[in-house]
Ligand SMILES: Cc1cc2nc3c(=O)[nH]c(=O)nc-3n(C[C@H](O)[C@H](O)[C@H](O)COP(=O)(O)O)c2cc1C
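This document starts with one chain, in the form predicted on its own, laid out as structure tokens.
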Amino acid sequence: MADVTDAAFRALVASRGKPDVFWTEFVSADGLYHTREVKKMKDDENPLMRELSFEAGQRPIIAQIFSSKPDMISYATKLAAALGFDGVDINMGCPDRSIEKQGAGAAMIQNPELAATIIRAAQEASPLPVSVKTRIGYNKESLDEWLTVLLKASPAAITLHLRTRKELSLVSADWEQMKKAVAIRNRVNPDVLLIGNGDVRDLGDARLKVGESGCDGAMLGRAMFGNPWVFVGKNGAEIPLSEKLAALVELAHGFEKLSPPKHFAVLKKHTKAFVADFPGAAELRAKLMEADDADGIEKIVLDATASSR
């Protein structure tokens, strides 16, 4: 998830109870090539390389990349292998128009031949497992055609966001479609793992959806917002406010340790998630939104904690 599953947030999650597998934010393979090979930007100053940083406690970890150019995918896959990643995931589901204009993300659904070529380019570039994250169709569900193409390319795993590109996140994820996807997988290429994504509320909900649909796992995204404890089976309502605020402070300091530091405005989406649903939340959230560094966040939290005693 862009500007969510960065190294700082993954460190926070890992310290509370990590998932079976981490995915990075998705990174432009073209951007990696141009910043490193054309511009000769130093890795410690390169914001794209920051998105590919990780700590030992965040393993196994998959580097998610995107591009419509096989040579760029090959370059990024080789780089991921050199950096020590455990796998590469190719995003073929992002509906962002700027990504689709490049022929990448969800635009791949409309170009299945190129999608298969992209997968092969990654597979040939390194021995890393190659997976794909996509949707069930573009304007309408097209699993029979689209999923079959992907399965024939034999990625290690396919994560299906159970909405079409047209639906964005405006409708509920259709987990009934996963049953169809599993049947297609079992017929075309039983060796490929299928992971479901969309509206998975918590660990219990993930297990229920996996059990009912027959897929091999579930990917959690928005369920992590304000709840880095989600992978140990806790929901946000169970966590004391003091622990939530401490987690926000820890995340803020983590942002500042990234090289180069993450733009602090990104923290605001986390602030909205951690500081909610309690008396005085709106007032405290407004103060935190004005802070422009981790020390400022910490001071506001300490003052709020002291005044509540």
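Just so it is clear, the structure is predicted and the values come from calculations on it, not from any experiment. Numbering starts at 1 and follows the sequence shown.
A second form of this protein, the form predicted in complex with this ligand, is not displayed here; the remarks below concern that form.
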Considering 105, 155, 198, 228, which brings a non-hydrogen atom within 4.5 Å of this ligand in the predicted complex?
198
Work out which of 115, 81, 143, 219 lies within 4.5 Å of this ligand in the predicted complex, going by heavy atoms.
219
For this ligand in the predicted complex, the stretch among 219 to 227, 67 to 75, 146 to 154, 107 to 115 with residues bearing a heavy atom within 4.5 Å is 219 to 227
Just checking whether residue 26 would be counted as a contact of this ligand in the predicted complex - the rule being heavy atoms within 4.5 angstroms.
yes
Please tell me whether any heavy atom belonging to residue 253 falls inside 4.5 Å of a heavy atom of this ligand, as the geometry stands in the predicted complex.
no
Please tell me whether any heavy atom belonging to residue 4 falls inside 4.5 Å of a heavy atom of this ligand, as the geometry stands in the predicted complex.
yes
Just checking whether residue 268 would be counted as a contact of this ligand in the predicted complex - the rule being heavy atoms within 4.5 angstroms.
no
Suppose contact means any heavy atom within 4.5 Å; which members of 148 to 177 contact this ligand in the predicted complex?
161, 163
